[in-house]
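Here we start with a single chain on its own, the form predicted on its own, put down as structure tokens.
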């Protein structure tokens, strides 16, 4: 009996050091940030010297028009870029999931933007958006068209950062979608072809439902990252003109570094963390339901193939 208990506890004993290190590395910074959000704290003080003010930082956020605007810009930015990237990434994966000469080279070219550092991406697109020497406005002038104020007009600046983000991160969706496509059971594809299903019917009724667990995780990862994007927007527009491209992560950075309000910046970070946790739990719940449905679909496809 004692030997059985030891054998049962052995895996946990080996995992305990790594678990403790991860818990400390994850929980301590989060706890530190939560505690700081209840303080009137600035960089000239140690955290122990800051005044405890309770929920005042959170109440200030409710009345802060700039915070509300940044929050709205963040929601718009994340919704647009993730939707377009999912459509483009999954569409490219479906298009390139075939044996064509030179396909390996094409796949490699598609993933190159994802390998470039975000700061470099921001600088590169900033030069291309330049009002006089940028390639876009030079092309428009050569066609006899008026140049576009890419980074000096609020609406165009917001569209500009969206284009840059889509260019960089669509390959991420493409890679995961292509991997999901190539892991689909061939028996289901063959059975659908025997039944006379067209290409579109296979995509809609077979491929996409079977890919859904992977697509949900991919969507969640991109949503989280879209809410935290900073470097590209910082280099491209620095949140301007006005607050048209100031997403929440940039607002948090400016509140801490420029306005020297560490407690308020921590409160903003907690709001962002809560929002991402709600999205994560909702997506995981939906993913679980989709996994159950996909398992039933796979079983039905295999029975049909037999």
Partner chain sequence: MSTQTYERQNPAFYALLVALIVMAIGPILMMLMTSLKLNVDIMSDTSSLIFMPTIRNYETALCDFLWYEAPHIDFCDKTFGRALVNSLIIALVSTALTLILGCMAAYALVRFRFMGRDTVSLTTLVMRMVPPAVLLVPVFGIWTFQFQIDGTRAGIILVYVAMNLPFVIWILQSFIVQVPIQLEEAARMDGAGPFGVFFLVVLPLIKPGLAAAAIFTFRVAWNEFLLANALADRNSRTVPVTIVNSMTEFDIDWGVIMATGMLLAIPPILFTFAASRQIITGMTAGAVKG
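For the two forms, the rigid core is made up of the largest set of C-alpha atoms that agree within 1.5 Å on superposition. Numbering follows the first chain given and starts at 1. Only a predicted model underlies this, so the values are computations on that prediction, with no experimental measurement involved.
There is another form of the same protein, the form predicted in complex with its partner chain; it is not shown, and what comes next is about it.
Student: If you check in the predicted complex, do 77, 143 and 245 all have a non-hydrogen atom within 4.5 Å of its partner chain?
Tutor: No: none of 77, 143 and 245 comes within 4.5 Å of its partner chain in the predicted complex.
Student: Please determine whether residue 39 contacts its partner chain in the predicted complex, using a 4.5 Å cut-off between heavy atoms.
Tutor: Although its partner chain is absent here, residue 39 would stay clear of it in the predicted complex, with no heavy atoms inside 4.5 Å.
Student: Counting only non-hydrogen atoms and a 4.5 angstroms cut-off, does residue 27 reach its partner chain in the predicted complex?
Tutor: Output for residue 27 is yes: heavy atoms within 4.5 Å of its partner chain.
Student: Taking its partner chain as it sits in the predicted complex, is residue 218 near enough to touch it, meaning that at least one heavy atom pair lies within 4.5 angstroms?
Tutor: Residue 218 belongs to the contact set for its partner chain.
Student: Quick one: is residue 277 in contact with its partner chain in the predicted complex, heavy atoms, 4.5 Å cut-off?
Tutor: Yes.
Student: Does anything in 88 to 103 come within 4.5 Å of its partner chain in the predicted complex by heavy atoms, and if so which residues, in order?
Tutor: Heavy-atom contacts within 4.5 Å come from 92, 95, 96, 98, 99, 100, 101.
Student: Is there a C-alpha shift of 2 Å or more at residue 29 between the shown form and the other one once the rigid core is superposed?
Tutor: Yes.
Student: Just checking, between the shown form and the other one and with the core aligned, does residue 279 shift 2 Å or more at the CA?
Tutor: Yes.
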